[in-house]
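Presented below, as structure tokens, is a lone chain in the form predicted alone.
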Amino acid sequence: MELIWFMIVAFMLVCYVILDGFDIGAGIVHYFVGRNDAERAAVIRTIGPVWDGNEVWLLATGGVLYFAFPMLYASAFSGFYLPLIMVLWLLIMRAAGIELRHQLEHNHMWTSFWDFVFSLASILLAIFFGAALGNVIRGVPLNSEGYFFEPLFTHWGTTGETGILDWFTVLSGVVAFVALAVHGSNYLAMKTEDEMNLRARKVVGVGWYALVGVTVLSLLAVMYVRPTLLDNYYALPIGWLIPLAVAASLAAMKYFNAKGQDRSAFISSGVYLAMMLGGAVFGLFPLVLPALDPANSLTVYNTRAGDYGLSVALLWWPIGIIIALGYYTFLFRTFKGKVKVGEEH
């Protein structure tokens, strides 16, 4: 039963990364694709109907984590209290930037301020989310009771008295920043026309090289920091399809961007995000929160809820997910098509 719920949590997390990822990515490249107030308003309108729905996947993932793996939820939220509060404020700031910008659209100072808030919050969110994944891969100083505390940074090393930020977790943040910037640019290229479309494609074209570079660096860094991550790949060789899919998605992204097939390029970047996250999950399993002392690590087996709760929840989860997917289908079909500068979407 715990394996089913582990896959469910992984699925929901991937959905969040792909869907809210293009929202965050749009914020990262906000100033590159939109050169004036009207164009930046168009960037906001491309994500306006969907961004808040995309964030629901984060809340839903947290909710599922709470009842399926309560010990993991308690440990992670206590140990990562500081960065989680920072992420919460960044989510609030990004939402404020989106919602308040249009209140005084004819006031340049007002719109410029909220554009800056929206972009800055998106940049920092990408970095913090990436650093969070880096912490999970590296391991945290869990004690025998399953709790820990980490300061924001210490000596920037990956052993000993670690902090939330070190060279490895910062590199993970950079990977997330570049990947979401490219993903968001692919989305904007798919949703915009003319000059904005060309700028978005150019960001993808340039960012692709950076993405390849940081992807290779991150893989080398992971093998240095946690070489045991490859154990599952050797035990189940089918897992090697994941890095092959990462390479194929990068190649497809470059090809479709060069051909101007924006929808296919966007799907390719979504596959890249899913495979990168899936590769980390596959390599870590059955660990869900590794400890620097392996004896204290949390797994899907020692953090699971009781059989009764997991069984009952498995009855209503498919109903909820069908409703959610139906809603998303309706939403994206309703607001399909290009967003034009100066016109309501």
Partner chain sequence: MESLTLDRLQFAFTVTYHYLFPQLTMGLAPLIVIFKSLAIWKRDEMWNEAARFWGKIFGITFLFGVVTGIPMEFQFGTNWAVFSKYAGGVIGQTLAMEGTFAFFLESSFIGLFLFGEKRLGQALHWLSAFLIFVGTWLSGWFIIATNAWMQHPVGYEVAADGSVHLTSFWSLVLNEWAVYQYMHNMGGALVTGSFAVAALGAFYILSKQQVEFGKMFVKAGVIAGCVASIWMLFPSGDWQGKMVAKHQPVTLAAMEGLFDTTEGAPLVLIGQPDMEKKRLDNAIHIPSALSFITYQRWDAKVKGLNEFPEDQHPDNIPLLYYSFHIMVGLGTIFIAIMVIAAIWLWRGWLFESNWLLWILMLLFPFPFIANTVGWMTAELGRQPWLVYGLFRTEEGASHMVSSGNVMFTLLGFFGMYTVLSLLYIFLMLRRIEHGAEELTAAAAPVGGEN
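Residue numbers count along the first chain shown, from 1. Owing to the predicted nature of the structure, the values given are computational and were not obtained by experimental measurement.
One more form of this protein exists, namely the form predicted together with the partner chain; it is left out here, but the text below deals with it.
Only one listed stretch (33-41, 272-280, 314-322, 287-295) carries heavy atoms within 4.5 Å of the partner chain in the predicted bound form, and that stretch is 314-322.
Across the proposed site, 82, 331 and 335 without exception bring a heavy atom within 4.5 Å of the partner chain in the predicted bound form.
Shown alone here, residue 100 lies within 4.5 Å of the partner chain in the predicted bound form, counting heavy atoms only. Taking the partner from elsewhere, residue 256 is found to have every heavy atom lying beyond 4.5 Å of the partner chain in the predicted bound form.
Interface residue remark: residue 143 is counted as part of the site for the partner chain in the predicted bound form, having a heavy atom within 4.5 Å.
In the predicted bound form, the partner chain lies within 4.5 Å of some heavy atom of residue 77.
Of the residues 247, 206, 219, 95, just one reaches the partner chain in the predicted bound form with a heavy atom at 4.5 Å or closer; this is 95. Screening 114, 128, 177, 168 for any heavy atom within 4.5 Å of the partner chain in the predicted bound form leaves a single hit, 114.
Interface residues of 64-88, taken as those with a heavy atom within 4.5 Å of the partner chain in the predicted bound form (partner not displayed): 64, 66, 67, 70, 71, 73, 74, 77, 78, 81, 82, 84, 85, 86, 88, in sequence order.
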